[in-house]
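Provided below as structure tokens are two forms of one protein chain, presented individually as structure 1 and structure 2.
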Structure 1
Amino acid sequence: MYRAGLNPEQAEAVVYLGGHLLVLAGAGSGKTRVLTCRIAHLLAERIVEPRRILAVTFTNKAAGEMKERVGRLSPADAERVRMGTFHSICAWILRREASSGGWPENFSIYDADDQKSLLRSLLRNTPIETKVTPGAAQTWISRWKNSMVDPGKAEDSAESDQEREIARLYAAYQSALRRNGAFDFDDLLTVVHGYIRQETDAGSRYSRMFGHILVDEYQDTNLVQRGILKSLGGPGSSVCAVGDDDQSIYGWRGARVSNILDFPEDFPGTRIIRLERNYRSTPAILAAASSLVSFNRGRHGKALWTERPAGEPVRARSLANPEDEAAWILKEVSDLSSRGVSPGRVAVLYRTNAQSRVFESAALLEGIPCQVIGSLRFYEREEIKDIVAWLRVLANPGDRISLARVLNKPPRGIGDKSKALFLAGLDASGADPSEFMKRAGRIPGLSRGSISSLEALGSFLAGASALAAGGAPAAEVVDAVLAGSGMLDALDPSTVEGSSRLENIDEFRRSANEYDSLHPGSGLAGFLTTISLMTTSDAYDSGADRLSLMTLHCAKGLEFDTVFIAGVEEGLIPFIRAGRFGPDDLEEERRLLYVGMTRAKDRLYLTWAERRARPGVTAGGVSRFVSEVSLDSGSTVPAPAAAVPDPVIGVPDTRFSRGNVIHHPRYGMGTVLKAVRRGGEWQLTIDFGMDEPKTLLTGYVPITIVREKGGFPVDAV
């Protein structure tokens, strides 16, 4: 039953039991089906007990879909298979090992906003001589953690005063997390990695626990995840990794394409199976995308093919500016709708979140409903974060960040001074927050109003804590928080804002009820773990009949009948950052565009603006990547790779003009904004993607013209 309809390569990947396995699954090649059928095969043939199978995905949505599919194929055993994201599996291990590891079992998991709040608090109380923002510190700390660099090593390797100060802040941040009984997302991985490597008994126990380990999207793993997999996949374990090196697009957050390239070295004796038949896209789309990614060197070779008819040609379009680009795309969406193509099957993809605004405005003018994926997520809304903060305090009384957030929300007369006095006294006492609140009258300096409010909160918190500790369903605890915190009374349902927030709260209550029905007996701790690990892509509603607007990163793993990729411009795709752009970055940007192109089933459009305002510069112009797109299979992208002119170097034969894409040996790729002849030299004003364009004279270093202005005729559609 589970093998019905599999092609030969898929079937081989499903039944192979000769050792470790790497499945190189091209875009649209049915990798999810292979994974679920492989699990079903292990269960049906009784090759291993269900509890000894571990399946790891990268999003909660993917884990849920896999569990549902396996459940349909093998309903009796599916619930006993351990499935989840790397982060949820690590959270499960941390809770199991809490007593021996020395951290609270009901630890909090801090999201990006919580991390910034903690860093902001530390920055207020830490002498920092250089300018450091919470966001910058968060980025540095995450980068160090993903590279397995602890605070001491970070300070030793720092190359500037600012880096050294951030490294010291990193140490203070880790200490503060421990005081709050909390882990951030990166900690979930790094703490488990360190624990199972240092505690040899624990490491051996977990490596023996799973006989078969399956990992999806292996190209997106970072150094820590690679180490965890090597530790879990010990002697006697079979590791099956599925992924596509051509879709590795998360280097900026620590992912390493080298992990999938080096998998056979990490797991000797690996069998490699390639899934090259594409079930999604037309030949025209595949030819265009495959031509583009073939320019990358760091990849396993594969040749995607399909039995689908050729389909519509890929179309490219140049527009004057972003507003014209958005208007043209939404007019096309409207025309497609009149031809029976539902807006719900169409997506507009772009490189940065900031690009969504003009498309939202254009959709409004055209009367086309849309959903923006990657904007403010449901669990990031203020009222939802307030409920979650109270729930965290109930589960983990040591969580000061969450307690500080809601102590005076809604306003109950506990001002900043009273809040600071209370929190300082609480830390000094070591008491439970509810008990200390009941004794608020003993805290020097508090006003009568603050004392009264704190005592009332203490009674509410004690009752809700007892409810949670008693194993009550998550929805029951949520209702207790809503009733006792005063949140509902503070919202006016007659106003638009109040009504909207009440609707969000009702939706949150529904999510708690749904969790209880799916996970009976898991209670508050399980519910908190689940919602703490939600990702942006989990918010995509495939059933909504609305045009989807999202970044290229958010689109990974999704598919649409029609895809528009906007802003295919030099400096935007590829996204060039000052001082941080090398060959590896260029290859990742090329893979990102490839991912976007392969989301399309029937129609693909590439558009760009000739002029786009950016901080300090007005630039635009077609990306170098468009010249790497093939004309095969009827595509009307007017730029086969063979048509790119050979590089032209130097003076006097070289003639520069506005719009040339050039290469400078120090600054990299750039676009000529102005070219003036100065005797035997040229004075060039060039946008290198930095804050300001640079004015340079030729004749000192070789400045290479990579492509003449435009580089090809524009599709006149």
Structure 2
Amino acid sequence: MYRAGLNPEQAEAVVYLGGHLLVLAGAGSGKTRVLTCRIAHLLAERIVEPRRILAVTFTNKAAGEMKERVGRLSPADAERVRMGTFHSICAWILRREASSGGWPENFSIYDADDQKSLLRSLLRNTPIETKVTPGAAQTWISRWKNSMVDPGKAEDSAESDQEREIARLYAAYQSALRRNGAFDFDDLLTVVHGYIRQETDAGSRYSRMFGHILVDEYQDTNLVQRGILKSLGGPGSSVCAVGDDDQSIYGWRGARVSNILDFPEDFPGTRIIRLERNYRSTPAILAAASSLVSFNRGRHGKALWTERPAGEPVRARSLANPEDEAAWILKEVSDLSSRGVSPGRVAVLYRTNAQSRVFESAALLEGIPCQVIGSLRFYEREEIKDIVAWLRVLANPGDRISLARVLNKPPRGIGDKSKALFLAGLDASGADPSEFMKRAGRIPGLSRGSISSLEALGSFLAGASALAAGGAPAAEVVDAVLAGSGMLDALDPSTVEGSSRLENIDEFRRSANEYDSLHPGSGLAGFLTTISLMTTSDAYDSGADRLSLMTLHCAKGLEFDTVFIAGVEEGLIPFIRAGRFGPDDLEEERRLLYVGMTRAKDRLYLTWAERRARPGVTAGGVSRFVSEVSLDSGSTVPAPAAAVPDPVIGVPDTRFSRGNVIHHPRYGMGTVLKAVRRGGEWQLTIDFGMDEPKTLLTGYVPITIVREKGGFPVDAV
């Protein structure tokens, strides 16, 4: 069943058991599907125990979907397969290894906000206090961590006094995290990497744990993830990675496309399988996207073909400004909807989150329901962060950042001075926070009001901690916090603000309940880990009948019947930041647009505004990429607003036949061995003088006839 409908290369990738395997293939060629079927095959043929299979996906959401699909193919065992992102798998390892690793089992996971408040406090009274923002420091530190540079090394290799100070801040930050019993996102990976690489029992336990490891989107892994995979994929395990070098879009975050190209070196004996048939997009869409990406150097050229009928041409459209652009797109969505294309199968993709607002307003005007993916607004709400902070204190009494956040929330008369006195005393005493609160009367300098508030908090905290430690369901602990912390009482349901916060809190309780029913026995710690690891892409609900609005980055791996890519403008795509933009950045931006275009199955639109006001940037006007999308340079004319009909990106009307001598921009000159018409295009088998002839579809890149040798008739289909 898991093999039904697969093409021969896919089937080979599914059943291959000869060792490590790399599937290097273009968008929509079924890489993710191959992974799913491969797991089902391993389970169905009982090749390895379910718990010895590890599948690594790019988002938690993708892991969930894979689990569901595998579950359909192999219902009994899917639950026992370990699936998740690198981060969630590392969090799991850290939990298991807490006692031997020497960190708390219920460590906190600090998000960007927590990191910044920690850095802000550490920056105080340093020579760089006024020169480096917490955000900038965080970026430096993250970059060091992702390149596996520790604080000592960072300081040694600093190239300026300022950099040396930031390196010292990095050292202070690491000790502060340790004191708080916390890891940041990067630490989840680096700490596990260091731990499982050791040549100890612990290290080797992990190198033998998984018999089969499968990794999706391998082109977007970083150096640390690559190292983790090398350790996990020790002797006796087979690693199967799938990816597409043309879709590497996280270089700015430390991902290295070289990881996928070096895979065969890291995993000796690797078999490489290429998939060339695209099942997702129409030839017109595929042609446009392939034409664009062919302008990148340093890529493994790929020939993709499809058997789908030609389909509608890709449309490009110029609008006067972002508001007109949004109105035009939503009008089109509404027209499509009246022609039977449900908004749930349509996406509007853009480069920056800030662009979503005009689309939301336009959707409201058109009466089209929509979902904005790409901001975790829910978990960023103040009231939600407050509950989470309380929960973290319960799970991890050492977490001072969270404790400091909620000590006077809702306001209970503990002023900044009392707060500082209390926290300093707590650190000096080494006592448990609830114990220390109950003894607040002994802290010199505290006001009477603060003392009684702290004492009351102490008994609440002690009770709630005991509940959590006893393994109560997460929802029960959440309720205890809501009641005991005074949060609920402090909200006034008769005000708009209060009732909206209460609604959010209700939603949070529901999510805790849901977690409990899906993960009985996991309790608070598991729930906290899950919500800490939520990323922006996890919010996408593919079942909802609503128009999806999201960034190009978020759309990775997804597919939609109709895709609009908005703001295809110079300055926006490619996104040009002042001062740092090189050829590599340009290529990554091109890949990003390629990822966006290849999400479309049936219809693709590119739109841009002639004018767009962005603070500090002059953007607007059609992107250089639009001209690269065209197949023959004459067919796309970036038109001034409304004056000219939508330019159409079509297929050049050339007739090919056997014997033609052609020129291909990547492979050079070749002779056509076979020419077959497929829909509006040609499938050509061409001898380029390489080991084997290549079969390509025209339209991805301009293939021109250099010499008509004539002679043989065309093979008609």
Ligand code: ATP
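Only the largest set of C-alpha atoms that superpose within 1.5 Å between the two forms is called the rigid core. Quick note, the numbers are simply positions in structure 1, starting from 1. Bear in mind that the values here come from a model prediction, so they are computed numbers and not experimental data.
| request: Report the structure number, 1 or 2, for the form predicted together with ligand ATP. | output: Structure 2, not 1.
| field | Per-residue C-alpha change between structures 1 and 2, residue 335, threshold 2 Å, rigid core fit | value | After core superposition, the displacement of the residue 335 C-alpha between structures 1 and 2 reaches the 2 Å mark, so yes.
| query | Taking the rigid core as the reference frame, is the Cα of residue 315 displaced by 2 Å or more between structures 1 and 2? | reply | After core superposition, the C-alpha of residue 315 moves 2 Å or more between structures 1 and 2.
| Any CA movement of 2 Å or more for residue 551 between structures 1 and 2, core superposed? | For residue 551, whose C-alpha is compared between structures 1 and 2 after core superposition, the shift is 2 Å or more.
| request: Please state the CA displacement of residue 569 between structures 1 and 2 in angstrom, with both forms fitted on the core. | output: Its C-alpha position differs by 2.9 Å.
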